[in-house]
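Take a look at this single chain, the form predicted alone, given in structure tokens.
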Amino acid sequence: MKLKRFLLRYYPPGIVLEYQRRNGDLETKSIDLLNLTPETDVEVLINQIVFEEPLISENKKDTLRGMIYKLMEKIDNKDSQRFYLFKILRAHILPLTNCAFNKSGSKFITGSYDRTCRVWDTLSGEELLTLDGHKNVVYAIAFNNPFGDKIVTGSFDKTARLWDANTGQCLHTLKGHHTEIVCVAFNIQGTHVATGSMDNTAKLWDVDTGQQIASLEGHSAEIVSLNFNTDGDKILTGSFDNTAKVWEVRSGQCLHTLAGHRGEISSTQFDFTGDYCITGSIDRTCKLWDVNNGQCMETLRGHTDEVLDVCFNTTGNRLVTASADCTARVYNVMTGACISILIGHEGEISKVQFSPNGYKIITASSDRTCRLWSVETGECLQVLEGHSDEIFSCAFNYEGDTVITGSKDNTCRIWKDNFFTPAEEEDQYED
């Protein structure tokens, strides 16, 4: 085997090795550096990597050193980071349903009750494409990140559509659900797309052919949340039947039913490793599960009203829950301890996300504001004000220097930070 080049992965920190097999095939493998901090002893780490990884020889130490310092630079906590309003986009005539970035944040998409999805240039604020063809509300939308060349839209017309993100051409119409589609997701590999519906099923589709691969049947109420693990071989569904299920992508078989909540599931997510997942419920709790055996490892209590959203950070050592009680709570995943409580919103928090480097959290609330918080102290660092109705969507781009907020006031707002520079291409180190 011959090492061809290194690729840097910033979030979560890691180095991807591209190598050539004897038969000429190119393959990749990852060195995950999930415990990297600004205090890490770089020389010890380099020696450990060279010792454990046969593809990396002694003469690559200098290259390795440069990459590790670059990763450490990215995870530095930018204490002085502040966001300012960059653009207001009045995206659709009828209400917005959702918005999402591509990986770099150079484009974003919006879905609407006007039956379209629109593609926007983040820097200029120009509308690039209108994806037209659905016969009812476009409710769920996603880019096939990290590639960003395809978009999936899920609609109340019972179909999903796959689109070319550059031309706007409809590549496939995914037909098979009996009622509204309310959640969609691509796997990271970009080969499969999943759709979840009010008909109690999720379906898996082949992105290239548009053919249905599997119908995931077993829930007894609508599926409101679904996501793939990092490897793309498992999918997690959350349902109003009070359970979540872990499914094998290859066979479409249910591996585990995660039962124990006493109310409907609102939100689900795998951690980066795929060993754990979390479920948030209207029973006011979040549960942490072992994906390999389906057992509940921890029930995280403390909220006094429904848990509406849950999220891991990129390395999986912290999670955050957002609630209708107007607070969010940050937990240490390994101990289950509540580290901080984010208090300040005056309305329910429906959306929460970590910044890519994991130092900050953004929350979206019905009080018409988004707030940025310190993960470790729970301090409110900034309030993003200006929307005139409740905010239902907020997201960081991959670099963490741009935020998008979507509101029932029918506008999207783009916020840039004071460090903002146009996105670089992925760092590559040729061998």
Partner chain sequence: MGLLSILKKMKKEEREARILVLGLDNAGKTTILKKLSEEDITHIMPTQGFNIKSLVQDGFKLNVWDIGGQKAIRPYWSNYFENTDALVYVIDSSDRRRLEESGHELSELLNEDKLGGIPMLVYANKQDLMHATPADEISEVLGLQGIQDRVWQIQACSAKTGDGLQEGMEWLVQVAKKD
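Residue numbers count along the first chain shown, from 1. Only a predicted model underlies this, so the values are computations on that prediction, with no experimental measurement involved.
If you look for the form predicted in complex with its partner chain, you will not find it shown, but the lines that follow are about it.
Colleague: Using 4.5 Å between non-hydrogen atoms, is Ser266 touching its partner chain in the predicted bound form?
Modeller: Yes.
Colleague: Taking its partner chain as it sits in the predicted bound form, is Asp290 near enough to touch it, meaning that at least one heavy atom pair lies within 4.5 angstroms?
Modeller: No, no contact at 4.5 Å.
Colleague: Is it the case that Gly210, even though its partner is missing from this view, gets within 4.5 Å of its partner chain in the predicted bound form, heavy atoms only?
Modeller: So Gly210 does not count as contacting its partner chain.
Colleague: Hey, in the predicted bound form, is Phe396 touching its partner chain, heavy atoms inside 4.5 Å?
Modeller: Although its partner chain is absent here, Phe396 would stay clear of it in the predicted bound form, with no heavy atoms inside 4.5 Å.
Colleague: Honest question, do Pro95, Phe240 and Leu308 all end up within 4.5 Å of its partner chain in the predicted bound form by heavy atom distance?
Modeller: Per the other structure, all of Pro95, Phe240 and Leu308 touch its partner chain.
Colleague: Just give me the single entry in Asp271, Glu298, Glu348, Asp199 that has a non-hydrogen atom within 4.5 angstroms of its partner chain in the predicted bound form.
Modeller: The residue in contact is Glu348.
Colleague: Here the chain is shown alone; which of Tyr276, Tyr139, Phe143, Tyr359 has a heavy atom within 4.5 Å of its partner chain in the predicted bound form?
Modeller: For this set of options, the contacting one is Tyr139.
Colleague: Looking at 81-89, 300-308, 211-219, 313-321, which stretch has residues with any non-hydrogen atom within 4.5 Å of its partner chain in the predicted bound form?
Modeller: Stretch with heavy atoms near the partner: 300-308.
Colleague: Heavy atoms within 4.5 Å of its partner chain in the predicted bound form is the criterion; list the residues of 163-187 that meet it.
Modeller: Contacting residues: Glu180, Val182.
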